[in-house]
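Here you'll find one protein chain in two forms, each presented separately as structure tokens under the names structure 1 and structure 2.
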Structure 1
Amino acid sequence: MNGVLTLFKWVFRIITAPVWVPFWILWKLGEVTGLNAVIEAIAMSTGFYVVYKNLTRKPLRLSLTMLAIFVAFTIYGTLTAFQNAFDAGVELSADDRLVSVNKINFTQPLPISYVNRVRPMEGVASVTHLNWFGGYYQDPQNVIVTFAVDEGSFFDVYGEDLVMSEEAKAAWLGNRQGLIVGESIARLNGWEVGQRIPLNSNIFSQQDGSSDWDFDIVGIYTGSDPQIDTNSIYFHYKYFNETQSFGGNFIGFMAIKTEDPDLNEAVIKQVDDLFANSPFETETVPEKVFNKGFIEQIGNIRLILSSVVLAAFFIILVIVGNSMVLAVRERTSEIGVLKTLGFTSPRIFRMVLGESFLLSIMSGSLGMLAAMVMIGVVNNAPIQLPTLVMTSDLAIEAFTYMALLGFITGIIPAVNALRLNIITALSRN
């Protein structure tokens, strides 16, 4: 039996070696250089050693409390990254870009002739048009965000967001069946430049009755910001317009880039006034407003995600707060002894509060590391989702919540320890 246990211990040590070996090397280096003795002296003089020993005196309770905080911050980090990814569509919208759609509904078309009437307007830097294709690849369930666009003006409007080499742009302009695809959707489907693929539409059909179009992938674009969604693909409107069986010479919407964001209101008025009382009136809004309205149609994602995070934090607040009160109450007589030995009340107050901070920071940091792993897994998963990013703002926000959690859960037991007198402390036992 002892042999089996010994074998199990060695197997466990070998499996977990990547985790503990770096710390063991650091410890040995500290021993050789004398750094460990310095750290020990500092820990003893500042009371950190006592805090550490108090925190680890009940390993099971410590593990369960840390697990609760760990899970809560893993949920917080992952879901907030999701929320930021959805919000990025609004926050990264260009201030000088407008979207002009049919006033009835954005699903209704506009005549393509509108583009040339908007282009010479005062304050308009460039204008392009896009048409929703309703594309899918191989399976109707594998929906691809596909647009037929004006290849000549597309990058004039979106060139600051979508990054692609000049060679790829030239190849796209020179190939009528050329297709440019986003980095994320290319990775998801295993597409490469030079590959010829079929795409189907669940809306349009070709003049021969077929619903599939063939394309040559000529370029893969990336986003100028890591949070820019690269799950979309674009192809020539001319190819689409000449082959579709209905809806010719109509477009989905116009994207207008103004010379200055301050001119937005003037351009909006010009465009909408020009087409007022026509069969196809327009409604022009800043891109930020359009994207926000589009996302809100899916549902109040921010409210849903925030509710889940708040519920998780409320639960850990109760669990950790109760654990801290219980832990300090169990040490009432010890606190009395410490005060008898000369520990001042403010020092004991700091020790109890420091214990709460240490617990929150350690567990929360591990939770955020787990969230980073989760984000990496989601980004590489075979599903179509916006790119998740652990931003520095998110990390700072998380550490703020850790500090807040440590303060809220530790302040009451710390104040009780501060106010406790020696006679009461020793008599309670």
Structure 2
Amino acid sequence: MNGVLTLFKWVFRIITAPVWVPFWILWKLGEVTGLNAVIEAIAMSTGFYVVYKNLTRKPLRLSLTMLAIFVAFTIYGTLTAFQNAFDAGVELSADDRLVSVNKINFTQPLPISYVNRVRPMEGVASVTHLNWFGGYYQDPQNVIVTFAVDEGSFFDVYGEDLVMSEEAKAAWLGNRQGLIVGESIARLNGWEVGQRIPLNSNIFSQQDGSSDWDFDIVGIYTGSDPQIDTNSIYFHYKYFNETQSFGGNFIGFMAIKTEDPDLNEAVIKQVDDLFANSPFETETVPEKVFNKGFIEQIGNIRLILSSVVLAAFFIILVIVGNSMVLAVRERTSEIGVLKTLGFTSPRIFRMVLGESFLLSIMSGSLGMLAAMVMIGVVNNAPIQLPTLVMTSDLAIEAFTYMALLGFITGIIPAVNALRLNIITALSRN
């Protein structure tokens, strides 16, 4: 029986190691360097020492409560980074970029002739076209976002987001089978410049009936912002159009860069009016609107993620609040003694509140650190996901929540301690 318990105890210690090991190391370092003594002296003179001593008087309860807060903030940090990554597609879309698709649905084609009719329009800086290829690499499950694009105008429209060297651009233009790949997808598949790879399409087939195309990787592009998704690959529309067996001279959609975001409305009207009442009517919207609609198709990811975060916060609120009340109630007679000794009620109020703040901020920060580790793990995992980033906004938000948690869980016991009458306190025991 005892053997099993010891085993359990060790398993538990190992599971909770992320919480206590950093503290243990810090404490040890402090001991060795004598820093602990210095801190103690400072703490003594400021009253912080009592707060600290109160907090650590029941190490077991402290570590359990910390564990709960730690878990909640790890979940919060990781899931919010996910949510931000999904939102990034919308947030980072360019204001001066429009997407023009077939009005019936964006999977329906448009004639390629439309591009040249849009190009000379007033307010249009540049226009390019893209066609979904349905590409996959080696395994049909390994679907890769592949577009056949107009190589000449592609960077005119997307150049501000996707960054690639001039040499690579020149190499791409000069190679009919040239393929440019995003940084993330290149890393995931171990692709390098100069490599020749086959890609299959689950939509198109070559004229000989096969569905594989050969490509030369000529360049790897990066995003101008770390949150820009670099999981897509692009190749020449001409190569696609000449080799595929059906649907020639059709494109998926047009991407239009306007001279100024203020001209968006005018350009939208011009384009959609021009093709109205034709067999291929267009629907032109700002890129932001298009991306938002696209993500909404998957479902309300935002709602799912924030519900989970909310649930996690609810759990700790209850657990931490409860143990704070309990911790202060156990100390009733001590508070009576402190008051007798001349500690003012506001000071005791601050001491109790300080305790809950300290608890919340210490464990919350550790949780956020763990979230950063998780983000690193996810970013390096062999799955296609948008890049997760721990932004400063997210960190500030997290600290706000920590402060809020510290306040909510500490306020009731603090007020109780503030109001506590010395006689009641001392006679309660």
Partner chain sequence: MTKILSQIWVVIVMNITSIGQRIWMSLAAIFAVAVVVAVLLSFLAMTEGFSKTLEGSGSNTVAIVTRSGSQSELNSVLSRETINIVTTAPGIAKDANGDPIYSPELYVIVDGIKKTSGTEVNLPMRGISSVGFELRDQVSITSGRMFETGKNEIIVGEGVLREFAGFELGTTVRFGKTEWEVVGTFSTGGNAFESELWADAPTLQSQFQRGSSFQTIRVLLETPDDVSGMAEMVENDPRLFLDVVTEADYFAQQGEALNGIVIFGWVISIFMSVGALAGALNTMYTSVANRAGEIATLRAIGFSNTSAFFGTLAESIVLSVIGGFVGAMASYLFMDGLSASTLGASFTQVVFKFELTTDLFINGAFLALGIGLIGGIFPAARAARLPVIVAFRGAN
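For clarity, a rigid core is taken as the largest C-alpha set superposing within 1.5 Å between two forms. Numbers follow structure 1, counted from its first residue as 1. This is a predicted model, so every value here is computed, not measured.
For the form predicted alone, the corresponding chain is the one labelled structure 1. Once both forms are fitted on their rigid core, the CA atom of Leu29 lies 2 Å or more apart between the two structures.
When two forms of a protein are overlaid on their rigid core, residues whose CA moves 2 Å or more are considered shifted, and Lys9 is one of them between the two structures.
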